[in-house]
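In structure tokens, the next block holds one chain alone, the form predicted alone.
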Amino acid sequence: MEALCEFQVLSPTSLAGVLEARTAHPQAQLLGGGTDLVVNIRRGIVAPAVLIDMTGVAELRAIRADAQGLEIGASVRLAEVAQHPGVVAHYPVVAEAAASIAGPTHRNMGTVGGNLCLDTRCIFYNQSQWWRSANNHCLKTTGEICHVAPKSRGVCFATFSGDLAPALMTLDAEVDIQHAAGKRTLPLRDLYIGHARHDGSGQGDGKHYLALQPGEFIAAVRVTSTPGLRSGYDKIRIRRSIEYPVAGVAVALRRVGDTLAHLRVAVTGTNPRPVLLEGTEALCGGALDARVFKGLDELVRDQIMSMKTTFTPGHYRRRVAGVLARRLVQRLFAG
């Protein structure tokens, strides 16, 4: 489907207006820059009757970044994050991740909230209407099986590809979630529930990948600064000017003398959620040596999915993630 379906656009100018619109239209979808949602509408993947434009809400457009902390509203443009002097100076992993997203026009339109809630992707999902129909659709839309893993028990393995999430997760970020009854705060890593398991035992999967309840939306993301932290982000993609990551890696570490004192590594583009590697604390407390790199490779091997959800093999993405992690750790440790 190439022609857009008919829909109504509501443009509230306050948080109260957003909540009122969501209450009146519970099935409405939120619109930031539209760089992902509008494409999905054009392809016939979704057909919302109402869109709520979030970009006119002043409370969601604020950004603060200094040596004490970082706070970014959900409607802040990606280009603003990438170019903000305070983000660049104190939270380089976030600035680098924002600057790597798609191309300049996309960054001028796309928003922080949109990237944090980016729809998961798959070669059987992100296709034209006729292509999906010819393959009897997939579990993420109206089909009955996941074509990536046909023998799984109703589990979708579509991949999360947002760049900001892993960057912010390495900084132990929190998200403020707004709803009609008030606000709640959640560690960013707990926002993502795409723990896909073949037997269906995981909390969520590629279709159900966010911990947001009906009517909830992200209002802001916040970070408390950690003194002495060094951070960075890098990714591999097919076309550097526009593509989603084959694999993206964020690293934050702290060096004390010749000792690796703190290490956090997060990966995107490989699993139905951004993965903050578990077990990195066991690699700290000594020199940056072969033991650390061997341990890092093992963590990537054990926690990064090798399913073929894109045009690149899953084992290749897992290998790329490990190489990027090693390179970033070496670069940041060297200073």
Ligand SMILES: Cc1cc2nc3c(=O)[nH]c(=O)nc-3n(C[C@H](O)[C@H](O)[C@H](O)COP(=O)(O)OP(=O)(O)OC[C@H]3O[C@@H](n4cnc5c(N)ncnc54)[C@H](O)[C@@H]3O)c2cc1C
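This is a predicted model, so every value here is computed, not measured. Start at 1 and count along the sequence shown; that's the residue number.
Beyond what is shown, the protein has a form predicted in complex with this ligand; the following relates to that form.
Checked against this ligand in the model of the complex, the candidates Met54, Leu296, Leu70, Ala266 yield a single residue with a heavy atom inside 4.5 Å, and that residue is Met54. Exactly one listed residue, out of Ala89, Val256, Ile242, Ala134, brings a non-hydrogen atom to within 4.5 Å of this ligand in the model of the complex: Ile242. Remark: Gly110 counts among the residues lining this ligand in the model of the complex, judged by a heavy atom distance of 4.5 Å or less. Although the partner is absent from this view, His208 stays clear of this ligand in the model of the complex, with no non-hydrogen atom inside 4.5 angstroms. Proximity of Leu31 to this ligand in the model of the complex falls within the 4.5 Å heavy atom cutoff.
Contact between Ser100 and this ligand in the model of the complex is found at the 4.5 Å heavy atom cutoff.
From the list 248-256, 180-188, 111-119, 223-231, the contact stretch for this ligand in the model of the complex under a 4.5 Å heavy atom rule is 111-119. No residue in the set Ala62, Glu96 and Arg273 has a non-hydrogen atom no more than 4.5 Å from this ligand in the model of the complex.
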